[in-house]
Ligand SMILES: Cc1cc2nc3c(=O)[nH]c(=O)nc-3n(C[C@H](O)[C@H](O)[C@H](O)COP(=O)(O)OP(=O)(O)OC[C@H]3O[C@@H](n4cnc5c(N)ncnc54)[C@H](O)[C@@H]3O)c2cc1C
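Just the one chain here, laid out as structure tokens, in the form predicted alone.
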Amino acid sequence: MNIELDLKDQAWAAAAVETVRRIATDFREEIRACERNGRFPAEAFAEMGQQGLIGVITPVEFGGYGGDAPEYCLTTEAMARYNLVSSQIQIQGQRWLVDWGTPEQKARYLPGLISGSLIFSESISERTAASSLKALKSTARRDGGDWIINGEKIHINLGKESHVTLVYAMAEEGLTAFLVDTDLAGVRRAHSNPLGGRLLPTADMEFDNVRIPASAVLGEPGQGLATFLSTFNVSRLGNASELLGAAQRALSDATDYARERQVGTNRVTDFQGIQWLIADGYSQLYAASLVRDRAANLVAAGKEHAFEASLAKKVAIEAAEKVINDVFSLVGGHGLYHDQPYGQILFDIKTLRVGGGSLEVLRNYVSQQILRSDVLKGLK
């Protein structure tokens, strides 16, 4: 439902969505096997890179398409809509590098991130620190001209598959981000087994006296919060887009089934209660898309967008959860088996409800911004 996105090129956008659909169809069996086994679909991801789907927001001079948040939202939503592996994390890595990287860091990492040949992960969460970056226990200390990283991280999508990970750790100057190549001595990783997001397998990672050069700092020492927020606010639009795409797939597939399902002399969609569920679900997805589109357009226009991005993810969570819960009324017992997509979509939506800013965190932020501003006056 890309209703109001300010896209650079509508023809490119239509072609990109069609390319997503084609790759998802061509690699359907690989995707299904990977989803069952919690495995990264590397072949499909490589094809996405070859077709230009991974570098959509990276400037042309680095080999990307040169789009912005609208193109990011368009492609991310389409990937969830057609059940293709998401480029969300890979795009976050590119954005971090474009915004904060040195020329040497950009030259080293961006070409591979754009093509999909170099896999990126972000090592942020810890067992005793979730939404509070101030509570991070991982440390970084100087040793001559190098840094020594120590700490443990959890919930890292593509942690075991990645070639480089962005580690947030506490230095003497404060929170700092470091680009750490995962083949370095002292880096240990082990897969975990999540319910949702199984195409982007999670891992726990340990950094045991990992030595990195001073050139591995992203930005400046102590700038970790600034680097984090500059990308995280936009990444919430990617989360919102994934939620919308997954919910659209569930509603569309379930409605197609209900149209044909005979119940006595009627079809399931003949019943008013079912019609209301379809109307309500579509309405909420439509409204959530408008909120997401406005936030994405603000990003592209270079305007302040933190409030709108948080609001976009909040309403996308609520719409997606409403849809996936009601879908089981449309499909009944048909949807209760592993060979149907609805259970996995439910887990994917629940995962997105928590990761990247939980619904509770978003509610807190939105309410605080309303109370601190005159935003409500515009509603009078």
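Throughout, we count residues from 1 along the sequence that is shown. As the structure is a prediction and not an experimental result, all values here were calculated from the model.
FYI, the form predicted together with the named molecule isn't displayed, but the following is about it.
Enquirer: For the interface check, one of 281 to 289, 195 to 203, 249 to 257, 142 to 150 should have non-hydrogen atoms within 4.5 Å of the named molecule in the model of the complex; which one?
Expert: Stretch 195 to 203 is the one.
Enquirer: The named molecule isn't shown here, but in the model of the complex which of S115, S125, T182, N83 has a heavy atom within 4.5 Å of it?
Expert: Filtering the options by heavy-atom distance leaves S125.
Enquirer: Looking at R95, H305, H155, R236, which has any heavy atom no more than 4.5 Å from the named molecule in the model of the complex?
Expert: Contact check passes for H155.
Enquirer: If we define contact as a non-hydrogen atom of the residue within 4.5 angstroms of the partner, is T351 a contact of the named molecule in the model of the complex?
Expert: Yes, T351 lies within 4.5 Å of the named molecule in the model of the complex.
Enquirer: Under a 4.5 Å heavy atom criterion, is N364 part of the interface with the named molecule in the model of the complex?
Expert: The answer is yes: N364 has a heavy atom within 4.5 Å of the named molecule.
Enquirer: Taking the named molecule as it sits in the model of the complex, is S358 in contact with it (heavy atom to heavy atom, 4.5 Å or less)?
Expert: Flag for S358 set to yes.
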